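Just the one chain here, the form predicted alone, laid out as structure tokens.
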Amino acid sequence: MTQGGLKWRVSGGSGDGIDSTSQNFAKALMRAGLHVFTHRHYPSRIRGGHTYVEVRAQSTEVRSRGDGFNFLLALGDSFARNPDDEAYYGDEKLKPLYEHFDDLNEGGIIVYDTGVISEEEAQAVGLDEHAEENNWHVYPIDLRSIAREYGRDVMRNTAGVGVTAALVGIDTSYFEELIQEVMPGEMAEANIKTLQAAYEHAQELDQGHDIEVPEGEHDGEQALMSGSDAIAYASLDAGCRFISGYPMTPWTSAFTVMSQHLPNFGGISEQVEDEIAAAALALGASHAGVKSMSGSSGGGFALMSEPLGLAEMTETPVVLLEAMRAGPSTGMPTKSEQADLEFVLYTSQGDSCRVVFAPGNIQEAYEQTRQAFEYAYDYHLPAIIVYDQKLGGEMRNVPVDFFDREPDPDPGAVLTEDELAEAAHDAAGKFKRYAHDAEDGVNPRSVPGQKGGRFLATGNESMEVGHIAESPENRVIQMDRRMEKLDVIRADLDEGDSSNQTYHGPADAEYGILTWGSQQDTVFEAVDRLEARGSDVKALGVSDLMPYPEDEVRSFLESVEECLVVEMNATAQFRGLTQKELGQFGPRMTSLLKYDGEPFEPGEIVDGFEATIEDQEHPGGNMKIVPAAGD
């Protein structure tokens, strides 16, 4: 069960304003001094259907969506779907009510709109029985009629917010302020009247529940943002001035933010015909001297495999985003999964020579995106940020001063014309772009138009000036030189002021939990709960996937008797990567896997740990425990 605070879930149909309502709700609570965290669930069908968003709010830092929720605002789906599809998809109108019964915590609140869902229909799906069994407090209210009195049907979500505010004790002034900010005059006035009328109506209701919003206060100004926002802002701060792409959920969010802001920085955004063209265009822009990026989600990124290999062979720097979703093929486009790890590490021909980061939260998304540009342009290789719908779409409050950084216009390892005049050239005057004796594997490059900078760039293995070369000696020298970059980057990461790997819990704990990417903070919340129960456990969230942080992970695994590896896929891909790099620790690692499209809840990780490490009963549900190697 969620520990303290409010866990509000608003549900309805696509087109009912669920997303905008939840964002404004979260922003208002943030402005009231609370820490907030959102989780969005929506269908991948083009014509839409049942959707919901959760907003978790409390006075202390929120790390995850929590377990279940304690307040349901069920608007019902007011957009009538084809009733012939009911055999496949259930009753779409009533789903926003009955599909949430299993997750609503004991003692929770349900407010549902009788203007869409009649009380008879609610009873028919078992509301009364479930409410009695779970001690729920149910409030059937005609939100549609309240909305119609002052405006239009769509304003019933505003009425629902007013009812929520009255039931849990939220000052409506924060909502009124937001309405005035985002809506024009008459519309704002109508929504404020709707909000106030619903609030006054709900104040007259019996409030026998014990759910209330706590008081809170922030130390400084806060911003409500997602991982996609952080990646886009970091790219701009890193000096990126070109992006090319093709829309594909969930990568589209970062692409959209970049496209909105790039023109303000003198940059260019191009939506092209497919993902092959997108990646190739980004390579062309980078070759011409502009910091560039592209990206996609699974299927689209698959088309980028050939340009990705071209970037590795031509040593053209570029940053790529891979926003994972549930596959194979189209799979579940709007659901979270971490099953593209091996694909991102190894796709394209030959041996991989790339940097791959998997940030664990919004702050890390910003930091590691800036690092991706730094390493791509200093070492002339592709750098990939791999994340998922969870990190890309969830919204959290972040201190504004966290982003108070200097921009980085540095083009990386690029020679000036004076330096080119002193550089090695062949007898025909071509620049030895791929010289054999490069320091740390990196030959500083020239850009088109520079005097003395002419060379060939081809997908074939090449001699020093870029002409095709297939001699065994040249091949070994060039391959070794390119691969040396990863050793140098790993050493640089290890020697830096801070690590991209994040530790949580007592250093001398007997047991460990290892995870990567977006599950990190959920694991950390689970560790806090386990410690409170008396378990001796710590956790490590890994972000560096290539080059792999062998020393840090080895030290962590050596320090524990057993380790649970938590990830969202069916084949334990991160555990497999860890065993590939550190095979001797295979017998210590047990996998806790989830691949139903929903992120882990902290309580599930607690249950999985207790079942694995403390030999308790398997928790059941949509989780899979894979024993340690040799068990």
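Residue positions are given as counts along the sequence shown, with the first one as 1. The structure displayed is predicted, hence computed values, not measured ones.
One more form of this protein exists, namely the form predicted in complex with another copy of the chain; it is left out here, but the text below deals with it.
Only one segment in the set 135-143, 319-327, 514-522, 184-192 has any non-hydrogen atom within 4.5 angstroms of another copy of the chain in the model of the complex, and it is 319-327. Put simply, P549 is far from another copy of the chain in the model of the complex: not one heavy atom of it is within 4.5 Å. Not displayed here, another copy of the chain is approached by E473 to within 4.5 Å at the level of heavy atoms in the model of the complex. Another copy of the chain in the model of the complex is approached by S305, whose closest heavy atom lies within 4.5 angstroms of it. Looking at G107, you'd find every heavy atom of it more than 4.5 angstroms from another copy of the chain in the model of the complex. The partner is absent here; in the model of the complex, the one residue of E200, D480, E119, E561 having a heavy atom within 4.5 Å of another copy of the chain is D480. Note on contacts: among V442, V168, A509, I276, the single residue with a heavy atom within 4.5 Å of another copy of the chain in the model of the complex is I276. Each of G459, N569 and Q579 is positioned with at least one heavy atom within 4.5 Å of another copy of the chain in the model of the complex. Taking another copy of the chain as it sits in the model of the complex, the stretch 260-299 comes within 4.5 angstroms of it through a non-hydrogen atom at I276, G298, G299.
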